[in-house]
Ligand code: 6PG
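Before any questions on binding or motion, here is one chain by itself as structure tokens, the form predicted on its own.
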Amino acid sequence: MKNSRGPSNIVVYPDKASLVAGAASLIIESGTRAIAERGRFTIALSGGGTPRPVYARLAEAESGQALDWSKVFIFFGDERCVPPSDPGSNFLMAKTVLLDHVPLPPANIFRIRGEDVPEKAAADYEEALRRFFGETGAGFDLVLLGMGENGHTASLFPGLAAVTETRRRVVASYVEVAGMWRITMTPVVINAARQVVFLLSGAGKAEIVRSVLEGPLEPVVLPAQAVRPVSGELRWLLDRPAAARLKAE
């Protein structure tokens, strides 16, 4: 099914297990293609509950062997301003579930230093992106995103200036509803990707999925609507409960 707002593909899976399998397959296919075409695969990981089992599936032997991990480069779409050992760290989740279980060179992992002063951590990560991709170089092969029930994605929360940022690639913001500082890639980076994929599951996401995909275009209110790749592909991978309020469902 197509989203009338642009080149967005919506794929609905019957349940969470098939969504996890489908997402893992998509990552492997995207990685294999990128390595064959460009010699490397660059991916920005998302935190949250839905990606966790996807990462676990990638770490399984039969899935992990499908990628040449020496040519995979791992980045993070956002991070809480906490140390890497904190249970809330997106890096820690990915490390525990995926990164510690695949033959990925440590130099290929680019984490956001959430333990540093927020503005410095954001500036340092932006510089890391600039060094890796170049000032005007190509963007990520794949950016994975989730979405909260208030329409936030990465750490682009409703009302924050980061949602409408047009210059900076990474910013630090104090998020009132979370009661903490967060660091996030901005739409400048996300929308330059070759492929952006939202992963969403559960009935609790059904209403916000409907609002974002079928409601008025108000990205400051619903930041996920700010994700509109310039020339890349946008996909929404949903299980049936998350897609239940969409008209086509």
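This one's a predicted model, so the numbers in the text were calculated from it and none came from an experiment. Numbering starts at 1 and follows the sequence shown.
The same protein also exists as the form predicted in complex with ligand 6PG; that form is not shown, yet it is the one meant from here on.
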Checked 162, 154, 143, 112 for heavy atoms within 4.5 Å of ligand 6PG in the predicted complex; positive is 154
Identify which of 118, 84, 148, 158 has a heavy atom within 4.5 Å of ligand 6PG in the predicted complex; exactly one of them does.
-> 148
Any idea which of 28-36, 44-52, 65-73, 212-220 reaches within 4.5 Å of ligand 6PG in the predicted complex, heavy atoms considered?
-> 44-52
Does the 4.5 Å heavy atom contact test between residue 205 and ligand 6PG in the predicted complex come out positive?
-> yes
Do residue 90 and ligand 6PG share at least one heavy atom pair within 4.5 Å in the predicted complex?
-> yes
Is there any non-hydrogen atom of residue 169 lying within 4.5 Å of ligand 6PG in the predicted complex?
-> no
Enumerate the residues of 181-198 that have a non-hydrogen atom within 4.5 Å of ligand 6PG in the predicted complex, in sequence order, or give none.
-> 182
